[in-house]
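What follows is one chain in structure tokens, specifically the form predicted alone.
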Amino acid sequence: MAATIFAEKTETRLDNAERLCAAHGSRLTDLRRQVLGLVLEAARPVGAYDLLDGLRADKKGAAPPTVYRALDFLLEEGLIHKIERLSAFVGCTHTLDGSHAEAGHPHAAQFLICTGCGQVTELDDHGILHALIDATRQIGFTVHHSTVEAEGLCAACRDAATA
């Protein structure tokens, strides 16, 4: 059975993910690699059942628990993010492109979700995180993790709406 062939950029990111996992003492198995590749190649955030359909092209017996276990691993390693609003997943390109020293490194993840076309853009703006930390510190709250999801229109959809 042939493995899925991904675009060169995706293969580079998958190789980076494999090295990052090895550095943590974990393993990016063939199945996890394939799920991550499918997430990275998706044009938009992708849901678990869409990933399952993609997996079944090569692995006929793939079942939902298989996908969810792989997604849990990828989330734990910091290789993907879950967009809660959409119940879908996107790759953490900041980690996979080397913007962070290692997978799992927490960063200030903010997502801009276009309600027109569904495109999701990830920001890594530490100013937003620091503003949140400063605001919560005033009431005695300690932030351990933060993900911001903002809905609106991307530039292309905004321009199309005003044309």
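All figures in this text were calculated on a predicted structure; none of them were measured in a lab. Quick note: we count residues from 1 along the sequence shown, nothing fancier.
If you look for the form predicted in complex with the DNA, you will not find it shown, but the lines that follow are about it.
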**Q.** Contact label in the predicted complex: residue 136 to the DNA, heavy atom within 4.5 Å
**A.** no
Q) Looking at the partner-bound form in the predicted complex, is residue 59 within 4.5 Å of the DNA by any heavy atom? A) yes
Q. Would residue 31 sit within 4.5 Å of the DNA in the predicted complex, counting heavy atoms only?
A. yes
Q. How about residue 110: is it within 4.5 Å of the DNA in the predicted complex, going by heavy atoms?
A. no
Q) Honest question, do 63, 68 and 82 all end up within 4.5 Å of the DNA in the predicted complex by heavy atom distance? A) yes
Q | Among 151-159, 21-29, 6-14, 137-145, the region lying within 4.5 Å of the DNA in the predicted complex by heavy atom distance | A | 21-29
